[in-house]
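One chain follows as structure tokens, the form predicted alone.
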Amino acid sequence: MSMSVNKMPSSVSDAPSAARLVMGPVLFHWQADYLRDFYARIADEADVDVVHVGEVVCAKRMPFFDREWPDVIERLQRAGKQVVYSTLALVMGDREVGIIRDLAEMPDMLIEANDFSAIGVLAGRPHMVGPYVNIYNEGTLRYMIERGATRISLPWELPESSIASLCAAARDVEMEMQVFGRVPLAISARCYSARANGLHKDGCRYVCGDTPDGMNVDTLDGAPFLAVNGLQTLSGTYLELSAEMADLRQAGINLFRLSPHRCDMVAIATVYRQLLGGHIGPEEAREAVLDIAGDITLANGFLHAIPGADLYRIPGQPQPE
């Protein structure tokens, strides 16, 4: 399945409803100084509307930055950004549930639930459901809305037809999709970064921090395949949906998430802002993303119901076979 070119609006800016740009949570174990500078620059320079904070992948990383979050949040809010606190995608103990309960005591903070432990804690108060929660049909969507979800970030692997059906059923709930960055595919209690370095999880030495965009994994034949980020398995390719954002807006998506990587994310945000404003087209946006991000491979297959690592309909170029 693929999107029809004929039904596309002439530009992203022609689509209905206001669209907002979102800087998603940092998935990687960046050093505290670098992470602090990253959020300072996002607050002061990035033209985004929403910024996610919090640790999503590994609870062991939390102590490195927990004390910094209040200052980061204050600076982001002072800069006019809405701040969303993202929770772990895999909650494995009472301590982690306790952290979510503490977050739920913050009445003015929008919390993103990324697993069902958090959904249980946040039920009955407005909250966001993150893309790690599998919402594949209208029944699940209604379940989330009935428990207080006011914003939902849809899973990455959904095709366009499913996205349109879910947006139609969402009514007043805000709907979000990631449009840039590696795609999380799985998360496990085991730490693949530690194992790859001959270490146990309990003595991991935080080696996931040695590969700040994830550790590339090749097949036995040497072909690029996936990326490993501690407990998390990511796509080897980078999701890039500039050519599809107009259709997504028409379907009802009104928030577009950029997943942070070590490239210039302020410049990446500027590209997607220009695209949303109709100042550049999808082809120019994709070329700019490649210039900024460097040696990466782009993909958009999931949205077109083909293998997720494939790139369908490159703007200005013939469609792949």
Partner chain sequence: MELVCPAGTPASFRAAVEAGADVVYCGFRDETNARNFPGLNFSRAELATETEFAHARGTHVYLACNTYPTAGKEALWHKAVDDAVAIGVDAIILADIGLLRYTRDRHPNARLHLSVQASASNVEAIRFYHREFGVRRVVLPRVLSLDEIANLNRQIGVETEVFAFGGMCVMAEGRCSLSSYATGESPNMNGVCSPAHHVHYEERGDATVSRLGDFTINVYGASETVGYPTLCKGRFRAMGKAGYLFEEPTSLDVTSMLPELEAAGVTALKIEGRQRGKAYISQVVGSFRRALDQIAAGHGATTSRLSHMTEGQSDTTGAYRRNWQ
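From a predicted model like this one, the values you see are computed outputs, not experimental measurements. Positions refer to the first chain, counted from 1.
One more form of this protein should be noted, the form predicted together with its partner chain, which is absent from this view; the next part is about it.
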Quiz prompt | Which of 104-112, 234-242, 171-179, 76-84 sits within 4.5 Å of its partner chain in the predicted bound form, heavy atom basis | solution = 234-242
Self-check item: in the predicted bound form, the residue from I119, V72, A251, I99 that sits within 4.5 Å of its partner chain by heavy atoms
Solution: I119
Quiz item: Would A246 count as a contact of its partner chain in the predicted bound form, using a 4.5 angstroms cut-off between non-hydrogen atoms?
Solution: no
Exercise. Give a yes/no on whether T150 approaches its partner chain to within 4.5 Å in the predicted bound form, heavy atoms considered.
Key: no
Quiz item: Does at least one non-hydrogen atom of Y192 fall within 4.5 angstroms of its partner chain in the predicted bound form?
Solution: yes
Quiz prompt | Close approach of R142 to its partner chain in the predicted bound form, 4.5 Å, heavy atom | solution = yes
Quiz prompt | its partner chain in the predicted bound form - contacting residues of 160-199, heavy atom within 4.5 Å | solution = S162, S165, L166, L185, A186, I187, S188, A189, R190, C191, Y192, R195, A196, N197
